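Taking the form predicted on its own, here's one chain by itself in structure tokens.
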Amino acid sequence: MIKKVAILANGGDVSGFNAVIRAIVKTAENNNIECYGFIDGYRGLLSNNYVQLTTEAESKASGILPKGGSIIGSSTNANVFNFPVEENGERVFKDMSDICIENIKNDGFDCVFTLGGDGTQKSARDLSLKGINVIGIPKTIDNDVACTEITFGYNTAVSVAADAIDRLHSTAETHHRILVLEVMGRYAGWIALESAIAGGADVALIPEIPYDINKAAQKIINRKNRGKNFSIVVVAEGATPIGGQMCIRGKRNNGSGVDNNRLGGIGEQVAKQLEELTGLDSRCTVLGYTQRGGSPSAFDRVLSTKYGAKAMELAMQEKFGVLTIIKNGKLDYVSLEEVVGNNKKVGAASGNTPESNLRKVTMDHDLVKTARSIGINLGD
């Protein structure tokens, strides 16, 4: 019988974190289950730093449905199986997972809910192998968690990007320019593709389709020849030219168990090349963290609430080691083993590796077909 549960939010913040937390807490309260939250994700689990969460008027978890960010914080690049520590004045990486397991057991938590993306759920699966009851909830604006049709936070990010495209249209048309919008998404092009369709962009460059800049330029020249002396180009931060390299702004040193790449710069590169090839002035806007912050869309509020309530339901049914998902438009769940796919090594990285089980845009997806049908150039 489940009596006491804990929540941790991990990875980059998204709109919808708090809606999930609220749904878990409210469902727990309705079933006389105590709910707690680890502060700052896996770092809080490691330091055993947690607070009780209730929906009482003065509680931390009251009135949080429309609030962005996470009331219990979140940690990035925190893999407890390969965690940075100081020893003799030097930074080394050690497996600290046994401390986390001891904390969970000593605290008396019957289940830990892990709110996060592929890295978070990889660690959740690894903890489950060591006997911890975990249930994952798929979070990321990138929409790249395996086995689910949509992650919470994604819809809000797309809405922000589409709004930005709407605003860029007026400036592009007024000044006869190419305006390039660089959006997030890392190694998946969901945000770029869907926002391009929603915003009426002319070109969308995504990681899944290595692009030929000349093909994109020709699309813009064709518009120019028809009297349309402006264009909107959406570029995913992980987009890569044919035969070229992904733009990496820098490298972090957070160990082998996390993705240390800092992407960025492809928008400026594309803008410069398009200006040279078309003769039109070109400018780049990097949307950045505005995609992750702020109040969640109505869609994300509902999706997050569904995910949270479903996760608590699974806990009460003692179905652990799973991820809540949307499959064929309905709530469901799959094992975390299926989510990590071939990435079976405990503590291994979950990002852009051959073993990673990231959900990427496929060429037979409706978004790709729709984009091509309405004339959006995909750089190929």
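Everything numeric here is computed off the predicted structure, so don't read it as measured data. Start at 1 with the first residue shown and count on from there.
The form predicted in complex with 6-O-phosphono-beta-D-fructofuranose is left out here; the points below concern that form.
- Only one of the listed residues (310, 177, 223, 292) places a non-hydrogen atom within 4.5 angstroms of 6-O-phosphono-beta-D-fructofuranose in the predicted complex, and that residue is 292.
- In terms of contact with 6-O-phosphono-beta-D-fructofuranose in the predicted complex, the residue from 194, 300, 142, 182 that brings a heavy atom within 4.5 Å is 142.
- Looking at residue 126, you'd find every heavy atom of it more than 4.5 angstroms from 6-O-phosphono-beta-D-fructofuranose in the predicted complex.
- Heavy atoms within 4.5 Å of 6-O-phosphono-beta-D-fructofuranose in the predicted complex are found in one stretch of 267-275, 160-168, 94-102, 284-292, which is 284-292.
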